[in-house]
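In structure tokens, the next block holds one chain alone, the form predicted on its own.
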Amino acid sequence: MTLTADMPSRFVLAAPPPGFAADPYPHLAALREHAPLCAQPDGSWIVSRYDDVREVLTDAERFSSDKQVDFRPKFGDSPLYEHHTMSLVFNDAPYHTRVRKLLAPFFAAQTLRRLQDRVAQMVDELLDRAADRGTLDIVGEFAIAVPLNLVGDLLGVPREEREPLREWANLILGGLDPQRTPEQLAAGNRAVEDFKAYLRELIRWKRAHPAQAQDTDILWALIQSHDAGSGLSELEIIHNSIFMLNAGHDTTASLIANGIDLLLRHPDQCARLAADPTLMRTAIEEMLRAESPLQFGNRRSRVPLTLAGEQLPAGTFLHVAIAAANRDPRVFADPDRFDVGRDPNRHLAFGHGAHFCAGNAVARMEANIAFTQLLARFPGLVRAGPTVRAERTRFRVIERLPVRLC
């Protein structure tokens, strides 16, 4: 069932209609046009128009990212609660400012230049192996492998120890979706504890082997700042390392997988991009707009305010529909059309304001190299099976996408 003008208020994010994960955009369009501020049964609201979404994301004075109050009913006193309330993304200043400042050098332009050759070599190796088979699972064998290994390198995680990271990340990030069973939450809590135990052991190893550290080892730099008395506590280091590993590979993997899916669904645009690689920058921005890896963010109002014509009290929880905003016809001409040359493109896929994604330049660089080298070697790649999507609402996730290389 797709929402229509006479029933937008029926949409409940915690219990979306059948087929929502496969194609949420008709539902989001109905919300945006007929219920731009949609009340939810628990007293929260969905914000869906571009200008309103951007306002909420930008104004840190009136809208808080802190989740200590919001996550307590869902997670209780649990490892998931501890993790998510200590992560950079779910905090306000001054904690958010302090952590972001410590991480800033690792996302600087000079660091990206050092990483480019490493990513290019990694992509070539993945494509060499795929060429021998003639097929490629875009998700498991490509989209996840590239960012997971890069973030692993940045944090100094030994390559032979990275296998569990993907599963831990899925379980921890999955806990953020509006609807989770007790079994899923229990699995997420176990994943946090397993991840913490692993990182504690890795930190002990790094302290015992300091000569092995490299200048792009974020974890070692955070340990050194802690030991010098000017950085984060060890628990803060652990949870923000988990956050970087999870967010750094999950959203970039979704960008790459969703981008390939878009190109396969729009062969004319795929051919256009393969023929003119100078379009790669605008193509990646269009992928981010059309299939935002993060579909819903959230904030809580600090003060009474008016939003989308509604008076809201202080403490109102807002589900920020980034995916709806990125297809708002008030901002984007023909918004449901995928156009690799779209420019300008003021999408909000990386957020806006103080919480604008710190790793956006890394993600863009990885995607640029991945798409450029894939299309250069296999411009005629075709689908070898259906796109299988996860039943998730907060994130736009593909679980499997097989292609034939040609």
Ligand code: HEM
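Fair warning: this is a prediction, and the values are worked out from it, not measured in the lab. Heads up: residue numbers just count along the shown sequence, starting at 1.
The protein also exists as the form predicted in complex with this ligand; that form is not presented, and the subsequent description refers to it.
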*Should Tyr81 be classed as touching this ligand in the model of the complex when contacts are defined as heavy atoms within 4.5 Å?*
no
*Does any heavy atom of Val340 come within 4.5 Å of a heavy atom of this ligand in the model of the complex?*
no
*Indicate whether this ligand has at least one heavy atom within 4.5 Å of a heavy atom of Asn258 in the model of the complex.*
no
*Contact of Ala274 with this ligand in the model of the complex (heavy atom, 4.5 Å)*: no
*asked:* Quick check for you: of 222-230, 73-81, 100-108, 262-270, which stretch puts a non-hydrogen atom within 4.5 Å of this ligand in the model of the complex?
replied: 100-108
*Within 4.5 Å of this ligand in the model of the complex: all of Leu288, Ile322 and Cys357, by heavy atom?*
yes
*May I ask you to choose, among Ala247, Leu318, Ile172, Met86, the residue with a heavy atom within 4.5 Å of this ligand in the model of the complex?*
Ala247
*Between the options Val53, Leu374, Ala349, Leu31, which residue brings a heavy atom to within 4.5 Å of this ligand in the model of the complex?*
Ala349
*Within 4.5 Å of this ligand in the model of the complex, which residues of 56-72 have a heavy atom? Give them in sequence order, or say none.*
Leu57
